[in-house]
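For reference, the chain that follows is the form predicted alone, supplied as structure tokens.
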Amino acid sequence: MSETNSAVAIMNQVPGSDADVRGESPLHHVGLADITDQSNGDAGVVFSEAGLLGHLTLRCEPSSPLIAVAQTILGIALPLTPLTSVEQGDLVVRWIAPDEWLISLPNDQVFDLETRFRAEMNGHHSLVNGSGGMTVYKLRGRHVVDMLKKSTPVDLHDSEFPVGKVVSTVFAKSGAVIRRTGESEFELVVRRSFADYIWLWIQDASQEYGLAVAS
């Protein structure tokens, strides 16, 4: 997992306002904004996509002095307890494994954060920018747990899955990082290549409860 900072080329993956390349979320083709206008006002499940976020995967031994450096860079303590998360404003850090964390933040901030990591983290660690390969789905509503029960084997009862808990698990024969963000609110980090499939699955699994799309 060791890296030599001088050998790493850092690229700002966010297109500028005058760029020829346009940033598009995995569901850009669906037209979620148009669906929002037609949403069921009494829906039991409400869906939205937080697309085009920045995502950094950090790996480092929990006993390493670099943990303190990472926490200084982030301005927030890394979650060291298994299956937990921390957040501060738009920054979310999820525990993925004993030596791995998934960091998400607005995409216009990820380049500066990655640059600081590369400059200040000198030692045995790994940092990967996977921003273009992931998206985040937000789900809420009185029947959101019922819908999720169709999709994952994880026990979602609030006594076993409290707010802030994170699991990496099977979701609809694919995979997702699931985090509970409220009593009836969850978020799913999914791979871009499975984003459309999981969106179609959520539509099907929500049919009996009613599905609304939020902006």
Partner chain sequence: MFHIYCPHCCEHREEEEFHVKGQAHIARPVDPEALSDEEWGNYLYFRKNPRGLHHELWVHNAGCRKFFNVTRDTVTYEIKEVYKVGEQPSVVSPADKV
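Small disclaimer: the values here were computed from a predicted structure and weren't measured. Numbering follows the first chain given and starts at 1.
In what follows, reference is made to the form predicted in complex with the partner chain, a form of this protein that is not presented.
Q: Considering the partner chain in the predicted bound form, which of Leu74, Ile96, Leu127, Val86 comes within 4.5 Å of it through any heavy atom?
A: The residue from Leu74, Ile96, Leu127, Val86 that makes the contact is Ile96.
Q: Given that the partner chain is left out here, which of Val69, Val167, Leu32, Leu156 has a heavy atom within 4.5 Å of it in the predicted bound form?
A: Partner contact (heavy atom, 4.5 Å) among the options: Val167.
Q: Work out which of the listed stretches, 141-149, 76-84, 128-136, 109-117, brings a heavy atom within 4.5 angstroms of the partner chain in the predicted bound form.
A: Among the candidates, contact is made by 76-84.
Q: Determine whether any heavy atom of Asp90 comes within 4.5 Å of a heavy atom of the partner chain in the predicted bound form, and answer yes or no.
A: No.
Q: Tell me, yes or no, whether Arg59 is in contact with the partner chain in the predicted bound form, where a contact means a heavy atom of each within 4.5 Å.
A: Yes - in the predicted bound form, heavy atoms of Arg59 and the partner chain come within 4.5 Å of each other.
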